[in-house]
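In the block that follows, a single chain appears as structure tokens, in the form predicted alone.
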């Protein structure tokens, strides 16, 4: 679990705020983190990982205050950035020397993950292409089995089949008490596995919701004609994709890309109000 309570952060004392009054709770599951460039996504991941310390507020990751930088806390979280220089010759040697600091590290799972990507633990990292190195590091990150796993653009450099493999691996590797946060601009790559979404806008949390709540409060539809009563809709190649208020109908799959675009329009206020209404109604049941 990850909990942030009124967290603010700025990189320079008198500079602009990268994050402002972020209050957020992420339960175990797989969560999508969205936002435009400069919205604060990477800063948020760094705070969750303990690589930055909040200037205001508290960030708790896996039940521990990350500002204290305690070894017990660091062993419960792993952050895989978009680009990482690895000071090890092979993933195998990385597992031998680095993996020992993670009590739930599973060497058998690492070998299985690497095999699914067609890789070996003894291949020299310097000889790998960017995409191959990315796959090897993802295989290792998932094998650590940390309570909190933070992934920044995990599908960068991966081909179509590798993205499918990664989607299955993340879904299978997420244990009951683990929280996985995926920051990405490639929403469709892993869309079917997300249990929740957080949207940042200019350093503020604009929306934070579970996928189940979104699917219950909103309907995501596609038609060849304009959709009557839509909160938001857009058209591409003659197909109208729309968001409607939910109701008694069956839940629909959430279109995170459409949702993200809608949240940059006046429809955002309506969507947030519907989610609040849905949450209040569920509390009363």
Partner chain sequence: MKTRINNTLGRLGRLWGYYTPSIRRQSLLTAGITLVCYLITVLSARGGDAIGFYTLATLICICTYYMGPLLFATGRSRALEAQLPATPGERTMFALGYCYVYIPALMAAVWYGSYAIARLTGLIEDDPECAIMQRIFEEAHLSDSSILQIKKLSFVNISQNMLTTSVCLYFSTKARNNAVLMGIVSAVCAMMALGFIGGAAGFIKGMTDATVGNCHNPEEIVESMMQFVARLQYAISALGCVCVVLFTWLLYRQYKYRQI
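Numbering follows the first chain given and starts at 1. The shown structure was predicted, so the numbers you read here are calculated from the model rather than taken from an experiment.
Keep in mind the form predicted in complex with the partner chain is missing from the figure; the text below concerns it.
Between the options 77, 199, 182, 141, the residue in contact with the partner chain in the model of the complex by a heavy atom within 4.5 angstroms is 77. Using a 4.5 Å heavy atom cutoff, 53, 81 and 101 all lie near the partner chain in the model of the complex. Comparing 103-111, 190-198, 160-168, 210-218 against the partner chain in the model of the complex, the single stretch with non-hydrogen atoms within 4.5 angstroms of it is 103-111.
Looking at residue 118, you'd find every heavy atom of it more than 4.5 angstroms from the partner chain in the model of the complex.
Contact annotation for residue 46: at least one heavy atom lies within 4.5 Å of the partner chain in the model of the complex. When contacts are judged by a 4.5 Å heavy atom cut-off, residue 94 counts as touching the partner chain in the model of the complex. Contact check for residue 176: no non-hydrogen atom falls within 4.5 Å of the partner chain in the model of the complex.
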